[in-house]
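Here we start with a single chain on its own, the form predicted alone, put down as structure tokens.
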């Protein structure tokens, strides 16, 4: 049975940013459970999700949050599964505050982190993690990367035909 990915957001305002993540997981055939859980307002729910994630069939947790952005770290504290943080762009510091909250984790509680609003890359990284034990998913990733390379080659060919 394939592992699922938990996509957890600190607020429903993060959904537009995280939609590409959910769509990319779906495109790879990865089942995603989407939740809204606040590290600060619903800490017991965060603990419960993370503490039982492995036994509930999850292989990776993706956590998106802005501002203080403690969600990924709180989830990582309660699980041995990999946690990928997606810092959400904010009005105050453009997401730098979120990014720093995620990458400055204490020793022993790692959180992988993608770029600010890097939801699509979070899905790809989760797929790569799951593909370590799923050959069919590894094949899908190989095709995905080959398709990206072909697209760049096509654009290169087009630009080389231009007269400047």
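Not measured: the values here are computed from a predicted model. Positions refer to the first chain, counted from 1.
The same protein also has a form predicted together with a small molecule, omitted here; what follows describes it.
Of the heavy atoms in residue 52, none are within 4.5 Å of the small molecule in the predicted bound form.
Put simply, residue 142 is far from the small molecule in the predicted bound form: not one heavy atom of it is within 4.5 Å. Residue contact with the small molecule in the predicted bound form: residue 88 places a heavy atom within 4.5 Å of it.
Contact between residue 67 and the small molecule in the predicted bound form is found at the 4.5 Å heavy atom cutoff.
Screening 43-51, 26-34, 104-112, 57-65 for residues having heavy atoms within 4.5 Å of the small molecule in the predicted bound form returns a single hit, 57-65.
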